[in-house]
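One chain follows as structure tokens, the form predicted alone.
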Amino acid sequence: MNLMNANSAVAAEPKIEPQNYRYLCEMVYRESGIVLDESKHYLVEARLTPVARDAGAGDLNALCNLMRAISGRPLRDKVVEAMTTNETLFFRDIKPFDALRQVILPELTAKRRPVQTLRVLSAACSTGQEAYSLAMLWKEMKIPGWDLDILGIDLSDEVLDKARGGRYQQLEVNRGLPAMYLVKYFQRDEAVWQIKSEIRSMARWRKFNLLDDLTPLGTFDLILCRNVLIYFDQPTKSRILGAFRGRLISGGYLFLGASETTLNLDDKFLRRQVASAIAYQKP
């Protein structure tokens, strides 16, 4: 093939048709609340092309046709999971963990002394580093007779399976995890690091959509939902914040990402400066 023909072949490579792109964007928004606009074409094609290939569809247009033709959820779930962002690391943005150690966990334990249990929700928990970071922090605080019950929820079965296993590559434990915690709470298993059972047993994992009714999850003393709201539009952010507030005990805390806020979304939270972090408290 000469250069001209090769260039023509590349130019003729099928792209997703506008109506199919809109179909995918609307479906992902309806199922997850994630907003995809015209600037996300490359991201959609990069993440969904492997899904199309696994489903036996030649391209994303064929994938859309297949999704319209079948009524089952498995393929839709795979598409939504592929479009979620699962970036996380141990002790991500250390400031909230400092605030928890210095102020909030001591405050909550004083408040909840009669039950001697704290319940924590790690929302959009991804592969579990946030939940396990909190579990290690709690162990280091050495509060005898108390239990910390952590529930991690996410849309993706794949990331939840990894969280349950508690097995991480060298690169993953190198990102944010203090060396003393690696030595104390992990054991080497060939090419991976396995979290010890004393930490793994503190966390439970459940597939759950933040757009669903959170009532079945129970109530919590602390909710962590960091760097998640940035993917939603304003009405969805407000809806999720209201749902979190409904699941917090009076005096409980919500942590968001450093660039996220409840401002103009939910005016019923109290914004508190705690150590070097911002937390939102339910009155």
Partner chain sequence: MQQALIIDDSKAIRRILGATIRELGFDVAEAGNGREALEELARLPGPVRLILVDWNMPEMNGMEFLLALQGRERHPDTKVMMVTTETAIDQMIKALEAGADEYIMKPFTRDAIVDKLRLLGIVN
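Please read these numbers as outputs of a predicted model, since none were measured by experiment. Numbering follows the first chain given and starts at 1.
From this point on, the text means the form predicted together with the partner chain, which you will not see here.
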query	finding
4.5 angstroms heavy atom contact with the partner chain in the predicted bound form for residue 204	no
In the predicted bound form, residue 106 touching the partner chain (heavy atom, 4.5 Å)	no
Distance check, residue 139 to the partner chain in the predicted bound form, heavy atom within 4.5 Å	no
Close approach of residue 94 to the partner chain in the predicted bound form, 4.5 Å, heavy atom	yes
Selected contact from 199, 182, 153, 148, since only one has a non-hydrogen atom within 4.5 angstroms of the partner chain in the predicted bound form	182
Of 85, 170, 116, 102, the one that lies within 4.5 Å of the partner chain in the predicted bound form (heavy atoms)	170
Heavy atom distance at most 4.5 Å to the partner chain in the predicted bound form, all of 174, 188 and 193	yes
Stretch from 76 to 84, 174 to 182, 106 to 114, 128 to 136 whose residues place a heavy atom within 4.5 Å of the partner chain in the predicted bound form	174 to 182
